[in-house]
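Only one chain is given next, in structure tokens, and it is the form predicted alone.
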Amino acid sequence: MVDYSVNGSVAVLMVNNPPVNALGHAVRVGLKTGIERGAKDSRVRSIIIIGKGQTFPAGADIREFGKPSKEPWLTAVGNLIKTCSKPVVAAIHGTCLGGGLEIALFSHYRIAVSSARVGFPEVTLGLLPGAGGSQRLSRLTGLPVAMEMISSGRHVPARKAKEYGIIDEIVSGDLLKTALKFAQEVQSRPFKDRCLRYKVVPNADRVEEYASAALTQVKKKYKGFEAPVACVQAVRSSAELSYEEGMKRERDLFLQLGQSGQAKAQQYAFFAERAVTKWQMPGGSYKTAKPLPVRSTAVIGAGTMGSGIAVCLLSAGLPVYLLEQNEKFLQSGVKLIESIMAGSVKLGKVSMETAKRAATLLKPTLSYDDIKDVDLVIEAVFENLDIKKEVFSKLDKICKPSAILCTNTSTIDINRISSATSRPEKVVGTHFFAPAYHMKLLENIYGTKTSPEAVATVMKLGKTINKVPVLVKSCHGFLANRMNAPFSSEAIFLVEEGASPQEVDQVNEDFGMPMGPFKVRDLSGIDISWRINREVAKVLGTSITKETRFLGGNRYCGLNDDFYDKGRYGRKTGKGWYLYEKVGGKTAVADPEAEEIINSYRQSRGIVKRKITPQEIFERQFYSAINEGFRILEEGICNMPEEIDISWIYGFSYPKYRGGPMFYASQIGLQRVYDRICHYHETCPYSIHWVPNRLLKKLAENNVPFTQWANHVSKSKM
């Protein structure tokens, strides 16, 4: 795992643990043995630590997560490096992260190629650096930089790391040759003062000021997360305590976080995100299906969603034909794309070079003939089956036979859309979440005739455009929106019965959702949900009127319709469930007119307002969604609970520190969840989403561990 060799007067410890040279037990043993051997070797006057292959050690070995750690611990290895009688040089390429950066900080010198990146991403797993990272980094960078780097987990490019003082030299050419030369040059220099243990934290007398500013920022940016706060506290201790006491404080904080529910949830989410890449469907899987090359694309529809999708493709370097029905709509879309790209540059999310390249890759057009040779098309028109079928009929006639035809539908069965073509095997759903250029989830949907090859293509496309793709089987609403339907319905039922939109939103936001459901409705547009409801009614062969109290046999609330009739579409009109400071505004305040609409609605239907507790609000929304999640699993819409949780984390910004709704249910206890669902089935008998799910009942009664749910899911589908 660590190859030891001697080149002249330099010992080379080459970490050889592909693919990322993770610091597993064998690597730690190899480093310890190598340092001890180099220190004793009379030929050796300096030592290099370097990674073989694509990177310097990129952090801990994730296969050891949740298992007892074996000696030597990373801190012990680091202390050997720190106290070594010969100078140790860390030669960095690739990603030097977490424990890898801690090894580098224990070393006496650090050199790196310009493409390297360094950082402490432990915070994303609910942890902080546990081998002195918080104590040593601040001695190089100062407190503000160390607090921000560690609490954010961001990767820092090598040149910026040199500015911070983390890297001593940026080098070019063959790294090993350059490192050997550097290691020879430092042999004659005194290096005790290179040990960070003895350095003083710059401006330590301003620690209160820096920590206060960092905590204010952290609590605003990472609301509800425990680890970023602990990261600031750990770095703070480097200025307030001795090095030994600071190391103990860091260790105490690390252990506290490691035992927390948040760390378990965030680590689960980490592995879940990797699990969903291992997709499978009838006839193929990620192992067998090969994606088609996608070198050119087209987006049909230049509205908000179509333009956002185009931004995703353009940012990834893909040429995009943007097609609209008239010049006015087309130019509006082009301007929106330019505005989004400019905003992304301003926020530092994309480079100026990327934005300039995107401008050259965008090809606005009014003609379907221009897209006849593209590899992949994404339709993003109104959520109307007739319009979508008309578009797909045209695409079928014009696009080349190998082209993948995608629809950005949020609810409509893919099979109904693909029926308008002669190539249903090439039709697949690519459901982006608004705003498309920001939200990470890409819900890919296969129909009964969709080929594994088409699925492999869009799953790869998701990664190409920096999304998290999740594969699901087609049904009405698919996974995310189908599960969100009871969650959203219960929110409006709660208001119908007596809660205020503000009370419902507050419960959600206290739980960790970034926005409550009524603020979300205002953001997405009340007119959108109004249109979707009409489409659902059409499919059911009925219509919605003022007297509608049931739709498809389910309870229906017309409050949304009353807001629509008043022209209150949400932010886009400056008023919806809330009042905003202007059209397109973001600051939501309670509105007496909205309250009047709600009261009038109740009175006209003889509904007596009642007091509803926060606990009832929480349970009715989240437990109804969980019940639907088990139904989705039972029906085989997806294959594992991880696919549900990742969809909620990246599609609805469910708090990652809670792991996702299915993981959260496992932590509460399935029996409790099942019992409360049974309770609401009795008290809310007119909603099918409260019918207790059989799979949930089975898992609860048999106390099946979360890790074994997928086994029972597969059995329930046989």
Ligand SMILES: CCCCCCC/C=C/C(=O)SCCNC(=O)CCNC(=O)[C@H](O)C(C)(C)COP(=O)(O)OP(=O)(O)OC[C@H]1O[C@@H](n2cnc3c(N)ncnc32)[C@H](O)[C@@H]1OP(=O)(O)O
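Just so you know, these numbers come straight off a predicted model, no measurement behind them. Take the two forms, find the largest set of C-alpha atoms that superpose within 1.5 Å, and that set is the rigid core. Start at 1 and count along the sequence shown; that's the residue number.
Missing here is the form predicted together with this ligand; even so, the following discussion is about that form.
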- Note on the structure: Taking this ligand as it sits in the predicted complex and superposing it onto this form, judged by whether 3 or more of its atoms come within 2.4 Å of backbone or C-beta atoms, we find the site blocked
- Query: From the list His155, Arg249, Lys473, Lys82, which entry has a heavy atom within 4.5 Å of this ligand in the predicted complex?
  - Reply: His155
- Query: Just one of Ala116, Leu125, Ile445, Val171 has a heavy atom within 4.5 angstroms of this ligand in the predicted complex, so which one?
  - Reply: Leu125
- Item | Segment that reaches this ligand in the predicted complex - one of 487-495, 117-125, 220-228, 450-458, heavy atoms within 4.5 Å | 117-125
- Task: Determine whether any heavy atom of Pro705 comes within 4.5 Å of a heavy atom of this ligand in the predicted complex, and answer yes or no.
- Result: no
- Contact label in the predicted complex: Gly59 to this ligand, heavy atom within 4.5 Å: yes
- Message: Taking any heavy atom pair closer than or equal to 4.5 Å as contact, tell me whether Thr95 reaches this ligand in the predicted complex.
- Response: yes
- Message: So in the predicted complex, is this ligand close enough to Ala710 to count as touching (4.5 Å, heavy atoms)?
- Response: no
- Message: With the distance limit set at 4.5 angstroms and only heavy atoms considered, check whether Phe106, Cys195 and Tyr243 all reach this ligand in the predicted complex.
- Response: no
- in the predicted complex: members of 252-274 within 4.5 Å of this ligand, any heavy atom: Phe254, Phe270, Phe271, Arg274
- Taking the rigid core as the frame, does Ala22 move its C-alpha by 2 Å or more between the shown form and the other one? yes
- Item | Cα displacement of His93 between the shown form and the other one reaching 2 Å, rigid core superposed | yes
- With the core lined up, does the C-alpha of Pro72 move 2 Å or more between the shown form and the other one? yes
